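Two forms of the same protein chain are encoded below as structure tokens; each is given separately, as structure 1 and structure 2.
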Structure 1
């Protein structure tokens, strides 16, 4: 059972409607899982994809995860840390929820996760995974399913080296994930940084940044702007005429299926690094992509993949505990082996309970239908963990 709480916005409410129409199970028979995610504003589609794919995994298993009946309660944090914190407190106090998930943005996670962990709860992150939770401040009850923030940008730094770019101009929003992005990129990039800029998280006009890029004359640009921010940046990059002379290397949050649909042919030739793509040939991924497109009539993004795999990972842990979450150490022992069939293929948890996985180079090319598509070209990093795991003592 999926229950919507609060105002999701028109798009969010529409996407949730099929699930709200399903018959409810008797109260008290299902494990409640709290999902706090961003469903409105420029980043709203990220949370919508996480929610919808998690709900799809639940639906495909008859409303159960690990053979445990589940009631999913969903609320919109609106990309406001204070609002996310209030929702978490309400979930834990009023609904007696012990297992939470869903946060997209790291600044919201920084307000939500500490309260959950301090209260003895479990937090399974489908997306936001800042360095603060991966190193010295790691926690036995915090899990990341997607990545550690730095690692996706490390893969982009390595890709820029592999592609032969000697001078890079790099940009990211001025918040925790943006700082992790710049740090991660520079960790593996061996060339010269000719410009480093932090933008605002609510920025929509990048004219000043376009002028700085033009003046710096880099070999290529690396920018991290997720969701609607990335769409705005890419459109203005094309309008400024920079795409014709200065190529881009991006990590996956800056070029997903929704971003590509909004930008169109202007994205042709852009290189992207990713831990997953719709064209991965493993059977778990084929089932997911087919079911998601049939259910929602849209191409799944990386965020959808995160939501789906998060549901599978939780299901594997619940199968090992008989559906119980009160004993967090028992849940941890059941979660650690990662006994689920990930849509990305190989997957393992590192010593800090963050992913160890492969990273791939993806390029925007014309698909069989002549439209721009994300096409996997090869592996960039293999069995890659993160730079903070060695600092974690669990």
Structure 2
């Protein structure tokens, strides 16, 4: 047997290193904002867009938000709730960061946000906004910039009504956001549901569902499959020859600029409901879209818009507090009026600090360059908040 003298001490030093070592970072007077987002795995491009657009907003204002010098710290949560929580802990305790943002996925948010809020921090959500934080458990320091998750599907339900579809077939993955999608869609859709199917989160082949859709003969299909799932679903929908006979209505996470790029021509004619689109004519949006395309050489997705608007919203609040975040009530007072030029046009915070905004109908059509692009067609819902605001007492 080999002696173990000596090595245990060394092992101790090795084991202790992570707790004692502190990554060297630029020090200064800049306000630190912590961004926890998903950069690896299949969902990595969502986090990348949020981060890139937030960084763009910062760069366009010369490293400042609301005239406050800001230092952005970004870390990858790898879509693991535990890892997200660990980063939040490090941001808040080691870096003394009070203002956090960035989480893409609801399940990571569930682990990160309660910790941030309970420790007296502020969380500004650029994307995930499950009903938890919109209803009874709403919080004075939780802000949602994008939407409350349900409104995505409510707007799609309304769009299906407006387009005159009497029989709908609806599909979503069998997880919380998928079930919320089905509930949300039915909230405003008044016609008949001829089929309701839950797919799997790890599913790649949808042939069985395609056959069911064909057999049910609906007027149209509504499906909610974010990211890669949606790409696979759409491709297979087209290949099954369904796209010619049965139109599709989508919520924006199932059809962003990246999805469109991956699906290509096949997406032509699909209706999408959205709170924002690249072709919105307001000045703020034109600035954003052209700057984003110039810097990153790709069309901004909804996620990019979220990152950018989040930066603007925080900037407006910082301008109001003179760059301070220690007094969360003062920050709240400055944030609440939403004094920023949103790229989506009209924007206000509802009583639960979630957006009240307009929803639009967008259609995939051939753009000026001949490639498929998302083209805004009209309004679906006006000043739309969410169904949970009533339960929130702030």
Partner chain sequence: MGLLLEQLLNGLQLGVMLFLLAAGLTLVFGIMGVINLAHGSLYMVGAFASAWVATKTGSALAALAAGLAAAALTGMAVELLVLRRLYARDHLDQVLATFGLILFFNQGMVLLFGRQPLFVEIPAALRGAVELAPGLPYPAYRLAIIAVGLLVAAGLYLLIQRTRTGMLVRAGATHREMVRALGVDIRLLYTLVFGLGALLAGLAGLMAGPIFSVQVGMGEQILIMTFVVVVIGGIGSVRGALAGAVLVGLVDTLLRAYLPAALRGVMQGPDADALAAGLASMGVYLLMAVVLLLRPRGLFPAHA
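Numbering follows the first chain given and starts at 1. Think of the rigid core as the biggest set of C-alphas that the two forms share within 1.5 Å after superposition. Every value quoted in this text rests on a predicted model; they were computed, and no experiment measured them.
J.: Of these two copies of the chain, point out the form predicted in complex with its partner chain.
T.: Structure 2, not 1.
J.: My question is whether residue 119 is one of the residues whose C-alpha shifts by 2 Å or more between structures 1 and 2, given a fit on the rigid core.
T.: No: residue 119 shifts by under 2 Å between structures 1 and 2.
J.: Using a superposition on the rigid core, decide whether the Cα position of residue 176 changes by 2 angstroms or more between structures 1 and 2.
T.: Yes, residue 176 moves 2 Å or more.
J.: Please state whether residue 99 has a C-alpha shift of 2 Å or more between structures 1 and 2, with the rigid core used for the fit.
T.: After core superposition, the C-alpha of residue 99 moves less than 2 Å between structures 1 and 2.
J.: Could the core-superposed CA displacement of residue 239 between structures 1 and 2 be given in angstrom, to one decimal?
T.: Its C-alpha position differs by 2.7 Å.
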